[in-house]
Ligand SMILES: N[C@@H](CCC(=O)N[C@@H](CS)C(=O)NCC(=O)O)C(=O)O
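One chain is shown next in structure tokens, namely the form predicted on its own.
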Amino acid sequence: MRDGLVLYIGEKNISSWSMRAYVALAAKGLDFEERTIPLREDKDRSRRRRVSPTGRVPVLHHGAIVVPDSLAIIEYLEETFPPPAHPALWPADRAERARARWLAAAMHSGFMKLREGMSFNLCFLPQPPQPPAEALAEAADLLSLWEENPPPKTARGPFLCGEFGAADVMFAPAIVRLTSFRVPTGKAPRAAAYMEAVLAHPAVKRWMDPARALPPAATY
């Protein structure tokens, strides 16, 4: 396997955190081996603890280097496989890079009610349940964040920083949630166009197409 990259993930229709690391690797154009640890069969985390110091997925193995956590994996990939040899995940401009980082961090550490009330596995059911009010309120906050923080006018592309990058990677699972739970976007047309662009990106589709082909999991 080129580059010796191995990514341990959960099921594609369950593990939203795994999706982020996978999409980052795909967006970088890197060859890697994926190894799935079924979360429904690893309730005590024993299998995950064998490969991850946190007992969680995703975790990236690159030779002797072990990197858990999706955001840390993004940073590692950018340092190890930098542009121009590989597509950039962070903008080259310092100000735009800082903007991309706070956007990514906002998703990494926030929107907990949205995550809980719109569980990723439920996104693949034929008819997801009605989400609680707290989740819908955070979904509205997220739409406002995208609507009110457009990329600079000089940026090229439909994504948060023009070209697809780390911030978009971090928000991709939330976009799946908002779309699957049919959150209204009528008052946020820019955000709606952004969500559509992310779902159409090849790196995102590379995860979502097989995720949709799996048997839905109402619980795990």
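Source: prediction; values computed, not measured. One-based numbering along the sequence shown.
The same protein also has a form predicted in complex with this ligand, omitted here; what follows describes it.
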Scan H108, H86, K113, R101 and let me know which has any heavy atom within 4.5 Å of this ligand in the predicted complex. H108
Considering this ligand in the predicted complex, which of A191, C161, V176, L39 comes within 4.5 Å of it through any heavy atom? L39
Closest heavy atom of Y22 to this ligand in the predicted complex, within 4.5 Å or not? no
Does any heavy atom of S16 come within 4.5 Å of a heavy atom of this ligand in the predicted complex? yes
Partner proximity in the predicted complex: A167 to this ligand, non-hydrogen atom cutoff 4.5 Å: no
Are any of the heavy atoms in R45 no more than 4.5 Å from a heavy atom of this ligand in the predicted complex? yes
Just to confirm the contact call: exactly one of 151-159, 24-32, 57-65, 183-191 touches this ligand in the predicted complex at a 4.5 Å heavy atom cutoff, so which is it? 57-65
